[in-house]
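We begin with a single chain expressed as structure tokens, specifically the form predicted alone.
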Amino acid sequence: MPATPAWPPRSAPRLHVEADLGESITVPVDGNAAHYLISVMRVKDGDAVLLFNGRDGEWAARAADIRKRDLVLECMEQTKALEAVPNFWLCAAPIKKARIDMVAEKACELGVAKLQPVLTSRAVVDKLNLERLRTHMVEAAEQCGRTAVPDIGEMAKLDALLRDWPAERHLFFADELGGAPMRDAFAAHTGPAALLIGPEGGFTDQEREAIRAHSSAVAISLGPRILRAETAAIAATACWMASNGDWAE
């Protein structure tokens, strides 16, 4: 006798929804999400779709009542509990559209708990479309298997960020003029943390002095080369995850 196929299959599409999830709960889906499932993924009656909302973990749902522009998904069983997200924030100065979009996407994939935009003197961008950035993070979460989408903060000026900084959270400052070796700094400062990355033009001398003077700041070196802002954000986040985050488990 042929083996019974595993359910839900590993190839089942994943979808972020706002609705509550739980056994036997039905979730109506329309709009772009329905188009994706029906026209792109070719979901049929009885097929599995994996759902998550950032609160209730991941649930395998069965597709039903499929029409041209909408369908219903019935939750059948929980496949993942809500993940324990590493207590790590990425504080990044706004950069050009395609690059900040990539930072948001990769921050989600790497396991960041919060993306905090920080306005600095040399930033070439002073406004961000936070809804667009959240959309990129939702899509990244759907792809990478996260059960929680990172928070995203309103843009904060650097002086306000430093003034209101929580005392218990280390602020690793990627200083292009030098700092402690990253591996040593991460090993010596465990617990809640954040990484501060500047814009394409770097920090001004006054900003650098203000950051270094802050009691929670830990200046770190990202090596002998000057990295683009998006490269620095992604690379240093990955290193923290490998040292102190869920990559180290």
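Heads up: residue numbers just count along the shown sequence, starting at 1. Given the structure is predicted, the values throughout are model-derived calculations rather than measurements.
One more form of this protein exists, namely the form predicted together with a small molecule; it is left out here, but the text below deals with it.
For R225, a non-hydrogen atom is located within 4.5 Å of the small molecule in the model of the complex, even though that partner is not displayed. Among heavy atoms of E74, none comes within 4.5 Å of the small molecule in the model of the complex. Remark: G191 does not count among the residues lining the small molecule in the model of the complex, judged by a heavy atom distance of 4.5 Å or less. At a distance threshold of 4.5 angstroms between non-hydrogen atoms, A61 is out of contact with the small molecule in the model of the complex. Contact with the small molecule, judged by heavy atoms within 4.5 Å in the model of the complex, is confined among 66-74, 215-223, 48-56, 30-38 to 215-223.
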